Structures are given as C-alpha cells and as structure tokens.
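Starting off, we have a lone chain in the form predicted alone, written out as structure tokens.
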C-alpha cells in the first residue's frame, strides 16, 4: 500500500545576502496513514522547516512531497497544525478561537458548535467554552490550540514542538492526552520535538535527523506496546531506544553548519 505522505529527496536552502544557508539535504522518508511519526534532531537541523514543506506553507528548493499520491504545491486543506505557542486571539473566547479554522474555510460556525463542545470536553475544558484565553494556564491554552487544529476533522495533524514551553509534568500530561485523542481519531500525526523521551513515548516511528543541513540518519521503528504510559519511560527497553537515538545525535553533532555561496 502506498504511503500517505512521501518525502522525496527534499532540499531547502534559504538565501541570505551573498550566501545561502542549506537547511535540508536530500531528506527522504515515508509516513503510513494513521501512524504517529516524530522528527528528532538538534536545534537548527530543519525539523520545523520540513514540517512547513510537508504542509505546503513553503516550497522545497529541490525534491518533492506527495500526500495521498498528489504533489504538494501549496497549502494543504485537510491538515491541522499546532505550534509551540498557542497563538490564541485574546479578544475572542475559547470557543471562538477553536472556530477559527471553520471560519477560514468559509463554513458556518453554528454547524460546528457541537463539535467544538465535544472537543473541549475531550480535553477537560468543557467549563471554559465562553471564557477568555487569559483566564487559562499555559497547558490549558495549548489544549485549546489542539482543539482548534482538530475541529474540522483533519486527516493529518502537524505539530511543531507543541509542548516544549511547558513544565515537565504538564508536558507529560499533554503527551498522554495527545496519545488518547490520536488513539480515538486515528489521524496521521507528524510531531517535531527535540525531546528524545517524548519522541519514544509517542511514536510508531522516530525519524532521527542530523545537524544542519538536516539529513535523515535513521528511520527507527518503536516497537513498544500500546497504550503507552509514563511508567514505561523507566523500563529497560524504553531506555535502549533513547540510548540509540542519543548515540546517533552525538555522532552527527560534529557536523558544522554549511553555508553556500550564491
């Protein structure tokens, strides 16, 4: 069966004055429908850039991305995105923030009120439907941003270090919340993180990337049983996956950033 997402020899160079910075170097991997894939690598290795290329927000300099067999040549419609910052509009209520993708798609928000309520209930925020975002904690605001990404039932969820700014306990709580929602909805998730433990806990596959320019060092299947729990992170098998990924990243750390002449 053909993969849902195919990343094919993707390069990306950002032009800067007389020089360019090569962010990605011939990146290739496939993602199966309904799977949870994490991209892990050092800061500046192009993980977020790759996510934007997959979504169609920016083009590749070379190579291609295909979703459902079709070439990505612009922003994809059936995709939800969650960023590190919740980016909630302070003058809108929680529910109104959740409805933003509905409005952008030109649909009637009234048709999605039940959907918004059910999603907020799913993440334990049903009592905050009409509240202003400033009344919510950081973790609660990120739950709202997750609901916003899911309100139109996207087939693909792209997440760019969504819990990186949160404290460790809140992060673990939201990791498990995300796994529960993914288990119920079975959308395809591409998750960017620099946290090795988080990647192993969440993923079916971890794509390990080198220092800039980002290359795929390994596509590592995670054969831990599901459902996953925080207690599993202290187990020997879980620890072995972490050591393997850390060793790969350590070997790639000596690669210096590459600048290209114009």
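Only a predicted model underlies this, so the values are computations on that prediction, with no experimental measurement involved. Residue numbers count along the first chain shown, from 1.
Omitted here: the form predicted in complex with a small molecule. The next part is about that form.
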Item to check | Touches the small molecule in the predicted complex: residue 14 (any heavy atom, 4.5 Å) | outcome: yes
Next on the checklist: How about residue 48 - does it come within 4.5 Å of the small molecule in the predicted complex, if we only consider non-hydrogen atoms?
Outcome noted: yes
Checklist entry - Is residue 43 one of the residues lying within 4.5 Å of the small molecule in the predicted complex, judged by heavy atom distances? => result yes
Checklist entry - At the 4.5 Å heavy atom threshold, is residue 21 in contact with the small molecule in the predicted complex? => result yes
Checklist entry - Pick from 219-227, 35-43, 197-205, 60-68: which stretch has a heavy atom within 4.5 Å of the small molecule in the predicted complex? => result 35-43
